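Listed next as structure tokens: two forms of one protein chain, kept apart as structure 1 and structure 2.
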Structure 1
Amino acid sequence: MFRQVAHRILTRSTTTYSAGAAATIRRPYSTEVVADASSGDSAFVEAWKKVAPNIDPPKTPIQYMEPRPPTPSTLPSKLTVNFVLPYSAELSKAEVDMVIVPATTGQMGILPGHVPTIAELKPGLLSVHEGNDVKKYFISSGFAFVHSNSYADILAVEAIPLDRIDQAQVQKGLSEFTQKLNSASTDLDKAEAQIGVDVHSALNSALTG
């Protein structure tokens, strides 16, 4: 699914817009659409007024939505991070200098002006750098979206500050799953044991590193 998304983004960015080309019509990115929140779609309002001049036209969903902040022409100095979990928002529009996320392709640093990216996250350390403060969280898995206007959305299923990790439990889990991996028979058992080993060794290195 990921590969298709990456492929589609690539084709969208390289296709040039031409009014006559019916085959590849380039749709604007959300950062380019200027959503005029107050008046709504003028063609719709016109048509409504012709049919029902005495009734106010209803509001459309786009009028209730805040438009995405546009891409600034100069490089912004701070990265705006939204770090959310299913049950709470850890950081909401926090202005930071840098975020390092544990992508499946390795630790990825996100600075203001980063190229728009979608990254799948693996179990690992997330660190938020603001001035001299570094806040670290261990993430179980999730996704990171970086937009062209230097907004980063990090979505994780579980994120725990490092001081809440129980070292003994991590060691126990690691040895238990390494044992399961050796004795696993079916593909599914092997996969589950491998996941266990991955998560616990990531937890271990987060605690020690």
Structure 2
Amino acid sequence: MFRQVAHRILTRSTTTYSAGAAATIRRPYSTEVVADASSGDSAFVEAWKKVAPNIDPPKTPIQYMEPRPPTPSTLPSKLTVNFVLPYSAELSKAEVDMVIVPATTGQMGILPGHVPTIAELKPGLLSVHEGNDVKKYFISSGFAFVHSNSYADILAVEAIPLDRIDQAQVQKGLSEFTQKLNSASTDLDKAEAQIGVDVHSALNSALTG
């Protein structure tokens, strides 16, 4: 049953029918969105007018999308970075020399012209380099999206500037979670303690590295 439903969903046509005529709609990728999206999704607007001609149609998501600059023909000198948390934006269109992120495969440096990449992030040190200025953050987890036009979008669940972390509290927490791990009697207790050890170990490494 699940396979049949999945097959119907995956092979579902994007063809819409109007007055007996079929018109195939191809939705553009974010990098293909034109600068003037004021008209929105024309097919949606036309369909709305037929159902509710006296009510203005709502805006569609495409109208809120800012067009991403095209891939340059030459290697740019700067990397444009957006560093976003659920509650704030640490960096917005910041032009920097390099960003180093704690990917699950290891520390990954991102420079202008980096190949398009999606990297999962683990607890660790994220550093933003601009000339001699280096901003360091400790992040809990997230993803880094590197685009072909030298833009990088970094999404983290939690992040805090490294200079705001109390090293004494980190070492205390590492000691407490290590003791909990050694005395854990259930799989759940072991898993929770192991997470605490891993995060505090990463914090300690970021502060002492």
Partner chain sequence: MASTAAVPFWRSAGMTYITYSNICANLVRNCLKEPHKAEAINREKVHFSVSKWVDGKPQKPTIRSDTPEA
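Each residue is numbered by where it sits in the sequence of structure 1, with counting from 1. Computed from a prediction, not measured in an experiment: that's the story for all the values here. Here the rigid core means the biggest group of C-alpha atoms that line up within 1.5 Å when the two forms are laid on top of each other.
Engineer: Given these two structures of one chain, say which is the form predicted on its own.
Structural biologist: Pick structure 2 here.
Engineer: Can you read me the CA shift for residue 186 between the two structures, rigid core superposed, in Å?
Structural biologist: A shift of 2.5 Å.
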